[in-house]
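Next comes just one chain, in structure tokens: the form predicted on its own.
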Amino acid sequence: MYKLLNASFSRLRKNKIFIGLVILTVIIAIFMLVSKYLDKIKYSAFGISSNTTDILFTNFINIIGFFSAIFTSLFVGTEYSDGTIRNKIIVGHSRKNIYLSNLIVSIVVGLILEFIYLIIIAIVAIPVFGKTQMDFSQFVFILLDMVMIVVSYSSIFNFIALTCSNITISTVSSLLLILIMFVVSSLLSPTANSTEYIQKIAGIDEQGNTKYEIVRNEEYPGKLKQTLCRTIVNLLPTGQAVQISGNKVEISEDYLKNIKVFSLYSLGVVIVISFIGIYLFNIKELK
């Protein structure tokens, strides 16, 4: 395993895809900072405050999946096209170790990109926009969740790349899959986050204040359907990413409850997909 990792990381230092993604990550971080700073200037006259640092801190998690899909598909796909994987097996490396070493490299690259972004945001955003409004426990949970989302993405795309030897098909499949996951997350999120009772305007009192009442939500799908949709959304890394990046100043109890279990969902996805991936890669006939 050590020799496999050493060879992969040596190759990584000269990999143009990796270098390109690092540069693109820096550009995205700068673009987001400039965009939020212009918004700050634009709305400062209205006295509008927001959790800008929190938003910047979590925004990149929606993009990292696409970077992971591109890197993993091309990095592993090149090993197939160059015959590197076949050579590794010939010299005695086990298929399980080859699978896991590629998974580790994919995870490390994803985390490097994520932390490059976070470091830039921390250096610039905190002095300009102020400290994060999350308390320490929320920060730790969200950071852990983002790490596990990267690991989950890597396990999914490593599975595709190593079970599909065609570099074009694996790349297109990975990018198409992440788009489908985003669509599914978006479609199921309203049902997953629906509540049985909602607050409704009941009128205006004598002092001119708006009165509210709690009424049953007619569109509530039922506990079973809601639980099923929420489980699917939480299992998808895209579903977790959207929820994390959508955090607001007023963080609900439901949100806090979710972020504490996101990592467990991701861990389950990683374990299941990796076991299936190793099995399929072991029986795969290499051409």
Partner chain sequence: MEYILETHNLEKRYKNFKAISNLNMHIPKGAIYGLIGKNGAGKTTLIRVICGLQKPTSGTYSIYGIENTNKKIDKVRKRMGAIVELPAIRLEATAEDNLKEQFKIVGLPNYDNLHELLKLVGLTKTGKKKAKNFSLGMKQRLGIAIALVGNPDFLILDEPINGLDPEGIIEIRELILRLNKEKKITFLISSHYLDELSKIATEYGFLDKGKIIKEISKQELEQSSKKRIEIKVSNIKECVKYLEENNYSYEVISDEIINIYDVVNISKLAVELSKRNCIIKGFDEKEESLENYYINLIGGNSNV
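Numbering follows the first chain given and starts at 1. As the structure is a computational prediction, the values presented were derived from the model and not from experiment.
Just so it is clear, the following notes concern the form predicted in complex with the partner chain, a form of the same protein that is not shown.
Stretch-level contact check against the partner chain in the predicted bound form with heavy atoms at 4.5 Å: of 87-95, 161-169, 143-151, 186-194, the positive one is 87-95. Contact check at 4.5 Å (heavy atoms) against the partner chain in the predicted bound form: none of 62, 135 and 260 pass. In the predicted bound form, the partner chain sits within 4.5 Å of a heavy atom of residue 83.
Residues are counted as partner-facing when one of their heavy atoms sits within 4.5 Å of the partner chain in the predicted bound form; in 160-182 not one qualifies.
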